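One chain comes next, on its own, written out as structure tokens in the form predicted alone.
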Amino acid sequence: MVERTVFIHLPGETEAVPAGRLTMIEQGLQVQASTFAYGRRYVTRTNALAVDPIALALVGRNDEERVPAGGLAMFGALRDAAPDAWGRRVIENRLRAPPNGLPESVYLDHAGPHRAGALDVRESPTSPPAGGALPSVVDLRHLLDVAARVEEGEPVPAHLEVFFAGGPSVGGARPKAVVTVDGGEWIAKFPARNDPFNVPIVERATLELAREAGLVVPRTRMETLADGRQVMLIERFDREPLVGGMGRRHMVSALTLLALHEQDSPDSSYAAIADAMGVHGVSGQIASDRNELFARMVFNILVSNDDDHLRNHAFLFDAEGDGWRLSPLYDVVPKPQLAQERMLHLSIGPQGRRARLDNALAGAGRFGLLPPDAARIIDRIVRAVRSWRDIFEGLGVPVRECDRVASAFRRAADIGMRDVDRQL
């Protein structure tokens, strides 16, 4: 049995406070069960937030031990605060451990102070936060050298470990690090071994294409090193500058909001996320967030982004609205392919995961959209994506890289645009 104290950064505050006690029963490397109990002092705070919006709502007797929702072994919000696949590789490298060779409690302990969202996990209520000054953009060459060594499974030299002192960041298996830019926090996303195309510059261009289509996207920028290697930077949306320091926004994945296990993600749907918005969203903002989610789904169809699993949809807590808002868009990369019949990870409409515009239109009712309104959103996204080459080349994507990803972009007429046109 392992006990840890969960800390949380509350809205408007730069220092985390202890929220409660997490108990994990581990067998070998796996968590078999867990419980959580809020601290009595924490629940008396006027600005206290629920650590987990599903299993740990601040209602009833808040000092009693609770268990995760949906029969899960670990609370979803704490699972979101654990390191991602890349973060685990960094920790394993640092501790000289084999892949996936550490207990979950060790990964939680070593995730560092720059993990996603507002939660932190420490040994006791009096434990100080982990140290770790963030590197800056000028350190990108050194960070790339570290990432390459981690990918190769080589030990990181002591003089380079300092650049990963802040711990891993959020989102996926690709190499990355958190850096500072003009006082703010950004995620630097690096090229990886065996990339079929220049992923950093293509991902950045795809996000900017999404912005052109009217989607909500964080600020991005490209950095080209002296040796020609390129790194994409994307601003963190779970951080906000405050007087005296940096604030952290409470964030959970759609996986947590739906109380599902990772293995259940392919059986879920965009409509299920839209339903959850109706329960946990901010009054007066639910319709706009559902419209945004529907538009993102259409965008993923048109650019063949099938990495749209439930961890790649996030929600930020809105303290003023006392509810959860859809986060800005992230982790969108086109997938070149020859297949005419394509699928997304999540179900789209009555035809399941089939990546077609008529499928999206037919399922629009679950998003609270009438067919003409849904058709207008689809048409907006189609018109923007149609000009993808112009936007990519304008952002400096070489022609050869555009050619490598061209098969990812769909012709609307080939995937059900006729049904959409009938509604316009």
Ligand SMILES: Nc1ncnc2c1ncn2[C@@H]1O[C@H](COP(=O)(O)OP(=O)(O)O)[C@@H](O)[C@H]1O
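One rule holds for the numbers: they count along the sequence shown, beginning at 1. If you're wondering where the values come from, they're calculated on a predicted model, not measured in any experiment.
Missing here is the form predicted together with the named molecule; even so, the following discussion is about that form.
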Answer among 99-107, 240-248, 174-182, 262-270 for heavy atoms within 4.5 Å of the named molecule in the predicted bound form: the stretch 174-182
Answer with one of 235, 145, 208, 123: the residue that has a non-hydrogen atom within 4.5 Å of the named molecule in the predicted bound form.
-> 235
Which residue among 72, 187, 293, 215 has a heavy atom within 4.5 angstroms of the named molecule in the predicted bound form?
-> 187
Mark residue 306 yes when one of its heavy atoms lies within 4.5 Å of a heavy atom of the named molecule in the predicted bound form, and no otherwise.
-> no
The named molecule contact in the predicted bound form: residue 285, any heavy atom under 4.5 Å = no
Check whether residue 198 has any heavy atom within 4.5 Å of a heavy atom of the named molecule in the predicted bound form, and answer yes or no.
-> no
Would residue 347 count as touching the named molecule in the predicted bound form under a 4.5 Å heavy atom rule?
-> no
Residues within stretch 382-412 having a non-hydrogen atom within 4.5 Å of the named molecule in the predicted bound form | none
